[in-house]
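Okay, so we've got a single protein chain in two different forms coming up as structure tokens, structure 1 first and structure 2 after it.
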Structure 1
């Protein structure tokens, strides 16, 4: 009954929490959340995102961990085996495949953006932003992304870093996240302090929390939902594969809550740092993927010891991205090791090279190919839309349906081990009906059926 994973196990509950939090907290919180909030008008978007986290995110994360811990393999093989055990069709393993592909596509652009963060470590440390104005900082950013060679170099370096950790297996991951996540949190608090002193704090707060539903389109709702999946690493098997390494005696529900609360706090803090700076400097909240790179350097250019804190901030951001990126490729690597009988090292080389190659498309989409668009989106926008807004929610529905309808009630009840009092029934109701229905309604709304 109690299977063990061939890839090993986390040494404790805290290792899993740190690794999963490391996966969840990343560029999604600090880079993406502020800029999509800016693009989608603020408060109402944030509210929809928070609702999605509670109604869809938390139950599906629990479902993913349940499945992972029962299957104890890569998501593809876990889904295949659990389907077989439940007498369901073997095509359920396609959910694993969808996840592997989504993770691979996400990492291809994630690495490019993480490369920007690395480049900014050097820029901030060299004092390039001392006393800089909004325009100056913007120019530096625009010049930077229009240079494909630079972006490519940083993207390549980040991919190498990612694959080095994955090649060493679980142990490497555990060690790295232990110190980095708490430090990032403390530094964010410090930056919130700076933002509070900047005069436009109230304006920033009201942008983030004032509910103006007139600014919310169907597509904004889809983006909010997609981001709920993205930010807690859901819908593609990353959490499932981490769950496969989770010791059997650990409570899934309480661990999930810790991870989700930490992730949400970091995103909200990042917003509270960034929007006051945006308003205090007359910048545009809807300035897109460059938002943090065009706002934070202003703060670092003006505060005491700014170069020091700025360097530290971008270093930690790189680490946050690093601990996320490894989870994006782990499902693919674990599958290669299980099915192709190759070493972890080789699996990493192949998976890493393929990801790197797709990433070149994203590099070029910010310069040479910035006017090559499909459905009005550049290569980067298209990848981001397809993965976060379509593939993750789709994977999420399948995981919810599988956990709610296909595997036996007894097995999920035992695996979750929730206290009495209707908790299990509530979870099951959410994954059986509410989460899938919510995702489908949002999809239909965007397509224009509703």
Structure 2
């Protein structure tokens, strides 16, 4: 098989690390992780999350990169050709389709939420939240999402920024992540320093790292397991297509560890930014999804230099979303280039327009169509549930099974190039048995079987 993708290769190991870390680091790290940690009691939840990252995240990410580098194509064509080579059923290509469609649907609503973050950069910088009360901040948020024209404008702007990067191919992706990821870490460290000055940093650290297992429920364990899986972009084709551009001489195992450590570090630093600010202002850490858009603006509105550091925080959120969004659409673009024989620019236009159009449904689900439900969910809620709770777990299970049971042991062992001493056997055991079983438990829970 051709060992070089027609789309090119990353120029270095660090380019791939930055790109894959950018894919993994997103709203899930900075928006979702802090609020689910707050809802599930803090330190014990964080410990379970870290264990799940090791047992589920790392083995499946290594498996997905192995498949991507062996196939050197879009996820759909990679799964088709690897199945044919292994003598397996051609229906394994559906795993590639599942990932590409999941990434496409996720970006359609991800872009809308990222648009909120862009809008809040302007709002916080203008001093809109200075001295605002809880009810005042809530009213600002409700009025904002009730205005479809404003939501559509921010959604459109974010999609344009995303497609401008993707249209430039590997070089565009590399240049973007080389700017976005270092900037993201610098912003995070600045905000951690600011959070330390607010007088409740010790309380925030204690909340995140003191182990109180009495606050941990069975549901909390399953939530930690699910988030460990979803936070590093598994099952949506992004890591597989980025793996297709990885040079053959780069170690998959060590690279995966760096990516997962960086991704986890961002999530923990985000918690160290948010919780001390929350505690210093007497706010509730378990305030749920509104923690970012309704709770933190209250704090920023009453702190010294709150407008400046609040602006930095939402710029950070935009950067995280942007670095993820370019990986979500790349699998679809690469498939269009490979199968429809069109230029990357045309592929980006078609894929971007289709994603934007589906995103309009999410925009309207917060206002004009807020009363329109299917299976008891709005359009946005349905897409979120379908992708995060059904499509990604299915994709993760199938990737683990295919890498552990379908492709030959010799093939995966050569691709991983792990040192002797049982490292390969440990990975193979995890990816064949432990990771699929854990993801199946998560899947059964979210569909209501457990």
Ligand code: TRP
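What you are looking at is a predicted structure, and each value in this text was computed from that prediction instead of being measured. Residue numbers count along the first chain shown, from 1. Only the largest set of C-alpha atoms that superpose within 1.5 Å between the two forms is called the rigid core.
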*Form predicted in complex with this ligand - structure 1 or 2*: 1
*Align on the rigid core first; then say whether the Cα of residue 155 has moved by at least 2 Å between structures 1 and 2.*
no
*Core-aligned, is the CA shift for residue 242 between structures 1 and 2 2 angstroms or more?*
no
*Core-aligned, is the CA shift for residue 406 between structures 1 and 2 2 angstroms or more?*
no
*With both forms fitted on the core, how large is the C-alpha shift of residue 214 between structures 1 and 2 in Å?*
8.1
